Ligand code: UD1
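Only one chain is given next, in structure tokens, and it is the form predicted alone.
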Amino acid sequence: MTSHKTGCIILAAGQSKRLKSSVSKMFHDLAGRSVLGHVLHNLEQLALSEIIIVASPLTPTHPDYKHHKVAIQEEQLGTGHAAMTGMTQLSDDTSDVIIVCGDTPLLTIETLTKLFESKSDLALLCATLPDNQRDAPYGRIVFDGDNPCRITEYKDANTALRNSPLINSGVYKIRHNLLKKLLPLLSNINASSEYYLTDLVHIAIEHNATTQAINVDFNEVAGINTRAELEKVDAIIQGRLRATLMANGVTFQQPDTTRLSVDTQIGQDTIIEPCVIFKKNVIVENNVKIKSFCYLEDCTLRNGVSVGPHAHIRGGSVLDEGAEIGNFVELKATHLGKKAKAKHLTYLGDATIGEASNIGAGTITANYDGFFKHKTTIGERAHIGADTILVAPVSIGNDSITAAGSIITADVPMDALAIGRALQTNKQEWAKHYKAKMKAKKDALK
């Protein structure tokens, strides 16, 4: 007995003309994941036998495609034609086929599971338009009782049908054998001269197939065709991410000003002040405070860390428990030990800093020689004086001190004071005579 297999075809070959971009709308970023990447991530939670992506010939080898089959749609002849293209890659032993638009990143696992579990010959997702979008150009669904019997594209609908709020989402599940039978029956005699996938519904009824409509929230099936629609979808994704974190004990002050990535992890009792950006691969543990205007990417903040305001942390940096980063401090590939501090106007790159060390204002690790990056190592309880330049590779020992204004080019042993300044010379009354000379010169020009 063969197992029941459900495959999926993603229609992702649109040219994105209304987005006015050289990049397909499928690959625009939404919280650290592409539009298509969101769709793939959600579908991959289902027990699908395979996923086929119908792609444009302009994007034949995008990284989003690497784990799935790809069918290139050479000509853009409508959604029905796109489905035909996808069918060329679908395995013969597939029982059911889910068809999804590649620009529907808001679909939830719960909704896709309902569709996956439908027992009808043809099931589709439908939604009710919000009152302020009743003229949106979605296809309208005609029902026979509770069952959909026809979908009419907006261009082909009359005024009465356009006033209907029930719209087609472009997401379906259909028996594989039925799909193979019905696709050749699609016609392109319509306002767009395209093969509409929506025509499957009334043709399925003519073949005595059972149909089902699964009503979902409009936001889940909202597509992306313009920059404004991209922004609306992005805002919804950001809201979902924040809501999940707040439910798990995170405080956002002015949450709408914070941007998260889909992989952002934040622990309990952490406080996020306004205007903070989390890019990919950020882990924040418990009781952390991140002050306004910070930018975090590829970094880990352990329990009790304080960051900002106006801090930039990236490149695999790690801040151990109780460490403090202040205003206008940048860390790149730096490990800051427990209770270590860098409070003001500092760049630390490719550095390891020991427990309880203090980095004075204006400190710079000169880590790049024009060809290679070099490492700075600072021991425990060290004090780096204000305006110190540490020319890597260099090591500063435990409990040592560098004098303010020093340029450190050699290793400093533990417990030592390192002074790397030019010798100061004071010229008595030089300033007095200089000012008098300049004043006389200025007076002579009047």
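Residue numbers run from 1 along the displayed sequence. This is a predicted model, so every value here is computed, not measured.
Here the subject shifts to the form predicted together with the ligand, a form of this protein not shown in this document.
The chain is drawn here without the ligand; in the predicted bound form, the stretch among 180-188, 287-295, 101-109, 300-308 whose residues come within 4.5 Å of it by any heavy atom is 101-109.
The contact residue chosen from G360, G78, G349, G326 relative to the ligand in the predicted bound form is G78, the criterion being a non-hydrogen atom within 4.5 angstroms. Of the residues given (L336, I272, L200, A82), A82 alone sits with a heavy atom within 4.5 Å of the ligand in the predicted bound form.
Proximity to the ligand in the predicted bound form holds for all of R18, I151 and G170, with the criterion being a heavy atom within 4.5 Å.
Contact annotation: F278 falls outside 4.5 Å of the ligand in the predicted bound form, judged by heavy atom distances. The ligand in the predicted bound form comes within 4.5 Å of a heavy atom belonging to M26.
By the criterion of a heavy atom within 4.5 Å, T128 is excluded from the residues contacting the ligand in the predicted bound form. In the predicted bound form, the ligand stays beyond 4.5 Å of every heavy atom belonging to F252.
Taking a 4.5 Å heavy atom cutoff to the ligand in the predicted bound form, none of the residues in 280-301 make contact.
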